[in-house]
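Taking the form predicted alone, here's one chain by itself in structure tokens.
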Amino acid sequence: MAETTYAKGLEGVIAAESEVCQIDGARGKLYYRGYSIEDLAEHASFEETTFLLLYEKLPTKDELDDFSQRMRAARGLAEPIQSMIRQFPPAGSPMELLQSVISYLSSSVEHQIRHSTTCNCRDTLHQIAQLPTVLAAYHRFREGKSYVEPRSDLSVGANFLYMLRGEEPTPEEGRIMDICLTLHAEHGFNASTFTARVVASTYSTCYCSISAAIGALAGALHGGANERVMDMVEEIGSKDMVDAWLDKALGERRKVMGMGHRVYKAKDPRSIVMEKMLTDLSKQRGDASLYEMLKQIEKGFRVRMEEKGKPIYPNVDFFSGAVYALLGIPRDLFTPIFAAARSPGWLAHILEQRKDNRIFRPKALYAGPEPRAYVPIEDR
């Protein structure tokens, strides 16, 4: 048999062209359709970022006003969806709930032409507009509280916090939450995005594609790192214990959560924005202890890695969990928020896949037994 090489996990393999996202890992740069994440975080709302991802350009004022109105009109949950959330098994995870809701929504809308290149998902917007609402309703129902109707005068981030808490957030909190969503909206051909494109390549619906992407994100090797950063902080206990904990953890070859990234060889640009928001929130709360502890971990880890000639920097998850915690968001909603934020990116890739589609059908290098004769069961 001729020698065959392969890349396990498809690492380094170019599977498609894309105009959605560019990551310059060497310089620590991230662009959505050519616009830097720093500019989008500073100037654009999550709704404007979503328009950019779906329509491939920044909107005019009239276009954004119309799009925002449609996004906000699609936020509310019909009673059957609310009932489904109330009755969701307590042992189920919020990520499983999101998958279930996406499937439910798919069966409740009229698809323009099912199983074809044509899709009306830019019009329904359920996959983007309703996921934050689902998470807020889920949390309130499990605490025995009532559903809070969405408000059309609030941004996506501010409305999520309002529906979660039952009271309006400060303008600063609403803006921070909106930026968090923008920072997570897109990030190239990661596992969940590739999953969405594989499903889309079969001409399945965008709902099926996003449901599959949520399933991929639920895996421990993809989503959930910011939750584990907060677990790590709790395990360490105090700023004074950081150095001893790092020495022990690294001696045991344990991973320091939130540090390093497969793509970035410099500091993740999203972590820089997230760190700034954490400092602002800490000042507003009058308590910088969480921020100071994270900085102590970052400093101690960097020193130890530089001694080994391996400079490793924080990724977006290192500070995001602390931001969410200060906003009063339960830890088990961190990864579902990631999914809600990433939905416009997934949808942009689904739409791009359909432009010049070819179904994904990679080969596997067979490593099993050679052909052999079947042995009757009485002779085994």
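From 1 onward, residues are counted along the sequence shown. These numbers were taken from a predicted model, which means no experiment stands behind them.
The same protein also has a form predicted together with another copy of the chain, omitted here; what follows describes it.
**Q** Out of the stretches listed (350-358, 66-74, 319-327, 337-345), which one is close to another copy of the chain in the model of the complex, meaning heavy atoms within 4.5 Å?
**A** Contact-bearing stretch, as computed: 350-358.
**Q** Consider the chain as shown here, without its partner, and state which of Ala158, Met230, Met259, Val199 has a heavy atom within 4.5 Å of another copy of the chain in the model of the complex.
**A** Partner contact (heavy atom, 4.5 Å) among the options: Val199.
**Q** Indicate whether another copy of the chain has at least one heavy atom within 4.5 Å of a heavy atom of Ala244 in the model of the complex.
**A** Ala244: no contact with another copy of the chain in the model of the complex.
**Q** Met84: heavy atom within 4.5 Å of another copy of the chain in the model of the complex?
**A** Judged by the heavy-atom cut-off of 4.5 Å, Met84 is in contact with another copy of the chain in the model of the complex.
**Q** Tell me, yes or no, whether Val303 is in contact with another copy of the chain in the model of the complex, where a contact means a heavy atom of each within 4.5 Å.
**A** Residue-level check for Val303: no, no contact with another copy of the chain.
**Q** Within 4.5 Å, heavy atoms only: does Gly251 come near another copy of the chain in the model of the complex?
**A** Contact with another copy of the chain, no.
**Q** May I ask you to list the residues of 38-74 that have any heavy atom within 4.5 angstroms of another copy of the chain in the model of the complex, in sequence order?
**A** Sequence-ordered list: Asp39, Leu40, His43, Ala44, Glu48, Glu56, Leu58, Pro59, Thr60, Lys61, Leu64.
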